[in-house]
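The chain that follows stands alone, in the form predicted on its own, written as structure tokens.
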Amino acid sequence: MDNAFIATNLDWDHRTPTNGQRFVNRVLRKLGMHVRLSPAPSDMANVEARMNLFHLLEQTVAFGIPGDVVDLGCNAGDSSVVMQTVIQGLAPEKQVHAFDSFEGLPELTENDRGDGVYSKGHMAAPIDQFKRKFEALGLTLPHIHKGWFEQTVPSALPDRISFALIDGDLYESTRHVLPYVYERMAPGAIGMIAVYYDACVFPRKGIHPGYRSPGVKRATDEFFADKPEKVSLLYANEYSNGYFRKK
């Protein structure tokens, strides 16, 4: 399957300057200034992160890992679109499940307030916006589970999972979903942590706090402290993604 889909069918930044930026860049070159304008980074996950998603999900299909696919924290649906495209094209017997409050983040507890990154309602995306993206691309809607993770995840997760994208942004959200997802993952299944920043592996100076989401790493590391799996890091430009393969 052609992974160019993820850079051409949605409104993600391709790092290609706009016409106005090209004009300014020409002026800057003539003035001898060694600077260049380019599109601002996406405020959500970027093309590189979606490429990681695309290739990890395709691995589970190629190796015949049994189970369905889940997107925990689907927001406006960009990740779910990639997942549905892969599954609809390569493994139509599988189902995609998308979970989100569609009201943004919940009230923060002390475990997340102390990080000073997010606030209640941050990143809210209405469910109608999610649905329109699938309609525009002629894709089948995934199973949508609207509500807080505490309300939906325990009862609505599929019994067997081959791939999971965990994008809860917060310590509490990540801590809540990991045990439920891990328990249902088939051997060889892959879990991708949407924002997993590890300064010991790849330190970044001056990046926006949202690209670190420190609560996610804390919750993930705590969970895997006594597990046989190791969380590995994948580069994704402004972001870094974690992933693990169930033993």
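Throughout, we count residues from 1 along the sequence that is shown. Here the structure is a predicted model, which is why all the values come from computation and not from measurement.
Below, we turn to the form predicted in complex with a small molecule, even though it does not appear here.
Student: Would the small molecule in the model of the complex be within 4.5 angstroms of a non-hydrogen atom of every residue among 101, 165 and 173?
Tutor: Every residue of the candidate spot has a heavy atom within 4.5 Å of the small molecule in the model of the complex.
Student: Quick one: is residue 45 in contact with the small molecule in the model of the complex, heavy atoms, 4.5 Å cut-off?
Tutor: Within the cut-off, so yes.
Student: I'd like to know whether residue 91 contacts the small molecule in the model of the complex, with contact meaning heavy atoms within 4.5 angstroms.
Tutor: Close contact is absent here: in the model of the complex, residue 91 is far from the small molecule, nothing within 4.5 Å, heavy atoms only.
Student: Heavy atom to heavy atom, is residue 73 within 4.5 Å of the small molecule in the model of the complex?
Tutor: So residue 73 counts as contacting the small molecule.
Student: Would you check, heavy atoms only and a 4.5 Å threshold, whether residue 79 touches the small molecule in the model of the complex?
Tutor: Residue 79 belongs to the contact set for the small molecule.
Student: Work out which of 157, 123, 127, 139 lies within 4.5 Å of the small molecule in the model of the complex, going by heavy atoms.
Tutor: It is 123.
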